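A lone chain, given as structure tokens: the form predicted on its own.
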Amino acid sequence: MINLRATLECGQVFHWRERTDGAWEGLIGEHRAVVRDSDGRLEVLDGDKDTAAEYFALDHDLEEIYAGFPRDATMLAALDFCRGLRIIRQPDWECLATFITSSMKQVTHIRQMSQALRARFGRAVRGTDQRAYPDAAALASATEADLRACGLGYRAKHLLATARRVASGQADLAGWRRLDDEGLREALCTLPGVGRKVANCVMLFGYERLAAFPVDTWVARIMRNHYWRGGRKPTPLAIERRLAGRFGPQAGYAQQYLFHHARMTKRRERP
């Protein structure tokens, strides 16, 4: 089971595009893929089927994950709206770099920055006009002005510094996979432009740490309005520490369902 639209539009990845025939075209690393949601089944029209199945995490047992969700009205509404949404297995560097540029930006703006970086620094991919996300070495050789020209603003400084750490081997993204969750979060937070929220996003979407629970403005509002019991307005850290466990060992899935449901519901309410 997969809800491809929700999976690709929920703010975890930013370069896929829908074609007029209803299929979606994008890149998995440096490989072109064209996929379609065929009544909840992933149909691969172009590209390697095994690679697509791995990328879209078709091995995640969604019913088992759902069984760990609380059965309150807020969570059930999000589940009903998002059923079939899957957490994608993204390349770690692409995920890290993208979420460094996401700070204080909406999904549309993050997508624009991602596309600009791909167009200027990414490698060409056969069979498509889309370019691969630039590797750390490509961005490390750029200047801050180059990155600002892609619309990054102050984020350019952080992305450049982190790209240089990764390209030099000082930050060993592959080696960090051996760390436990807390160790991985601490390692990620040593990088320029990475705070706890970005680190949790990278853990969830780039390292498949499904217990990670990113708290942004949307999620903080949901938690305060529907789950928080107490006096003063809680901080994002307080929300994460007190409430993440409520959503089970795959809390990241619950977070993404709550986030996407709230965001899309709000959009539909606008005049």
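For clarity, every value in this text was computed on a predicted model and none was experimentally measured. Position 1 is the first residue in the sequence shown; the rest follow in order.
One more form of this protein exists, namely the form predicted in complex with the DNA; it is left out here, but the text below deals with it.
Participant: Choose one stretch from 172-180, 75-83, 128-136, 107-115: the one whose residues place a heavy atom within 4.5 angstroms of the DNA in the model of the complex.
Facilitator: Of the options, only 107-115 has residues within 4.5 Å of the partner.
Participant: Given that the DNA is left out here, which of 164, 155, 185, 120 has a heavy atom within 4.5 Å of it in the model of the complex?
Facilitator: Here the answer is residue option 155.
Participant: Could you work out which of 221, 49, 242, 41 is the residue within 4.5 angstroms of the DNA in the model of the complex, going by heavy atoms?
Facilitator: None of the others qualify; the residue that does is 221.
Participant: Verify the contact flag for residue 19: yes if a non-hydrogen atom of it lies within 4.5 Å of a non-hydrogen atom of the DNA in the model of the complex, no if not.
Facilitator: No, residue 19 is distant from the partner.
Participant: With a cut-off of 4.5 Å between heavy atoms, is residue 235 one of the residues that contacts the DNA in the model of the complex?
Facilitator: Residue 235: contacts the DNA in the model of the complex.
Participant: Report yes if any heavy atom of residue 95 sits within 4.5 Å of a heavy atom of the DNA in the model of the complex; otherwise report no.
Facilitator: No, residue 95 sits far enough from the DNA in the model of the complex that none of its heavy atoms falls within 4.5 Å.
Participant: Since only the chain is shown here, I'm wondering whether residue 248 would be in contact with the DNA in the model of the complex (any heavy atom pair within 4.5 Å).
Facilitator: Looking in the model of the complex, residue contacts with the DNA do not include residue 248, since no heavy atom lies within 4.5 Å.
Participant: I have 102, 192 and 197 flagged as a candidate spot, so tell me whether each of them has a non-hydrogen atom within 4.5 Å of the DNA in the model of the complex.
Facilitator: Yes, because 102, 192 and 197 each have a heavy atom that approaches the DNA to within 4.5 Å in the model of the complex.
Participant: Using the arrangement in the model of the complex, list in sequence order the residues of 237-265 with any heavy atom within 4.5 angstroms of the DNA.
Facilitator: If the 4.5 Å heavy-atom criterion is applied to the DNA in the model of the complex, 237-265 yields 255, 256, 259, 263.
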